[in-house]
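What follows are structure tokens for two forms of the same protein chain, given separately as structure 1 and structure 2.
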Structure 1
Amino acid sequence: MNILMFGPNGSGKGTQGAILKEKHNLPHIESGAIFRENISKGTELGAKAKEYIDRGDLVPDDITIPMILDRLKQDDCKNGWLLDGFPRNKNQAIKLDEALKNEGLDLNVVVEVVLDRQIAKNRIMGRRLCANDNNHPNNIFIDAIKPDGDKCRVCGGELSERSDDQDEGAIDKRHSIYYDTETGTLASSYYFKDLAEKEGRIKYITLDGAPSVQEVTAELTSKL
């Protein structure tokens, strides 16, 4: 099963992706990791990508997509893969779709985690880190994992905030790209949604990201 995932920061997309990865034994393919791997190995595409990254520019699609395709053709992807973090705009979606078809790689499922923009922002800004264990879930805006006052709900440890979680400007910038339905990430997601409706070769699943992790997982499992 080859899966493409969409969802805004704060939607729980990463959590659901991790669950899918474990449940179906799928490699999790993330564009940022592909860049780092190619650069560290000194590949030709990696060297080209590094030139753009070092200048602070976006890596062009004609470099990014071949990297992704090369990764999807590796041995651990023979029984399926989970692609996350790409495409980020409609033009990339069109190019990725064409490239997959040219390589004979089928995209089977597209998952979109739907969440109101303000709720997504609150979830990011509400995250709190436990001094004893960063994996202890604490979020002041989620009732199920709300801290015990200013202490960790799991162990009573001291809590702190990540500085980037409190950068409203950065959060708004990322969300503006994601929620743009004309040219942004949602536009790329809707491109595949249109394909699913018109051609039927892709299964498009929408998930309500507002409930608990367990409830979202149950909805995902029932729709796959």
Structure 2
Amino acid sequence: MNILMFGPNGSGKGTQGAILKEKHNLPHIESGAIFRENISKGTELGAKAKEYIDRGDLVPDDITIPMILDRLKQDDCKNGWLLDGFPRNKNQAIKLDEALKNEGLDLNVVVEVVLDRQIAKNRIMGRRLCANDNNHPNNIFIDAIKPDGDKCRVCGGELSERSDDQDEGAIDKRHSIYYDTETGTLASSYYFKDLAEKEGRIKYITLDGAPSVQEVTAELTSKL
């Protein structure tokens, strides 16, 4: 099964992607993670990508598109993949569609996690990390997982903020790219939605990202 995941930063897309990956035993290919790995290993690709990533801009298509298309040709992708963070603009969507057709590969499922922009921003800025376990959910803006005073609601551990979660300018920049329905990430998602409606070979699933992780997972499972 070949799956694409879309959702704004803060929508829980990564969490749902990780659940799908486990369930269907697929390689979870995240473009952002590939860039970060290249930066930490000091590769040429990493050096080229870093300046764009640091500014919150997209890495140019002539670097990103071949990187992802090559990744999809590796052995672990033979029985399917879950692609997350790519395509990020309409051009990438068109190039991915062309490449899949050339390789005789089908895209089976597209998942779009829908969340209001302000809610997504609050979620990111309200996130707090527990010193004992990063998976303990704490968010000062979500009633169901509000910290216990200034301590972790699960274990009472010390809480801290992730520095990039508090950079409002960077969050706004990333969201402006995501919510752009003309050329941005939603445009690329809608490119596949149109294909799904016209050709019927792609299943396009829309999820409401507002409820709890368990509820979103239940909706995803029921629609898959």
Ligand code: AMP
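Since the model is a prediction, treat every value here as computed from it, not as a measurement. Quick note, the numbers are simply positions in structure 1, starting from 1. Each form is matched to the other, and the largest set of C-alpha atoms that superpose within 1.5 Å is called the rigid core.
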Form predicted on its own, given as structure number: 1
Core superposition between structures 1 and 2, C-alpha change of residue 198 at least 2 Å: no
C-alpha of residue 74 moved at least 2 Å between structures 1 and 2 on rigid core: yes
Displacement in Å of the C-alpha of residue 36 between structures 1 and 2, rigid core kept as reference: 6.4
